[in-house]
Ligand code: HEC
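The data below hold one chain only, encoded as C-alpha cells and taken in the form predicted on its own.
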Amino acid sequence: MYLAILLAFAVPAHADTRSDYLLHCSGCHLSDGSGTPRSVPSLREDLGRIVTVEQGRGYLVRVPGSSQALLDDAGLAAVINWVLTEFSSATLADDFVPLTAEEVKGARQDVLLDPLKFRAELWRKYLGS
C-alpha cells in the first residue's frame, strides 16, 4: 500500500529540461550557468562558439559531469541543447543542429580525463580558424 502511494506522487524521469539542468548541472555551473571563475567554466555566451569547432559538440557530452549524469542519452541531449539555446543563443551558428540522443550515446562513452585542457585546445582551434 505504501509503495502505491509513493508511486502516485513520483516525479517523472524528465519532468522538464530546466529541472534536469538544475538537478544535474547547477551544483557546479550555478543556476544561471555562470560557473565559478578558474575552476568551473561558464556556460554563458561563448559556448555556442565551441560547438562550431570539430570535436566541440562531443566535448559538451564528454566532460565528466555530462557523461556521468544520471540522465539517459535523450535527456542529456535535451539538457545540452537547452544550455546552448538558453545561455549561448547569441553565439550559436544560424545553422546549428541540436544534438541527438544517438550523438550523445556515442560521445559519452569517451570520458575526458582533463576537460579543462581539452577545452583550451578547442579554444585554440576556434581562434586559429
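What you are looking at is a predicted structure, and each value in this text was computed from that prediction instead of being measured. Just count from 1 along the sequence shown to find any residue number.
Quick note: we don't show the form predicted together with the named molecule, though the next part is all about it.
Looking at R49, you'd find every heavy atom of it more than 4.5 angstroms from the named molecule in the predicted bound form. Using a 4.5 Å cutoff between non-hydrogen atoms, P41 counts as a contact of the named molecule in the predicted bound form. Though the partner is left out of this view, C28 does reach within 4.5 Å of the named molecule in the predicted bound form, counting heavy atoms only. In the predicted bound form, the named molecule sits within 4.5 Å of a heavy atom belonging to L76.
Shown here without its partner, the chain carries V53, L92 and L99, none of which come within 4.5 Å of the named molecule in the predicted bound form through any heavy atom. Taking the named molecule as positioned in the predicted bound form, the residues of 52-75 that bring a heavy atom within 4.5 Å of it are, in sequence order, Y59, L60, V63, P64, G65, S66, A69, L71.
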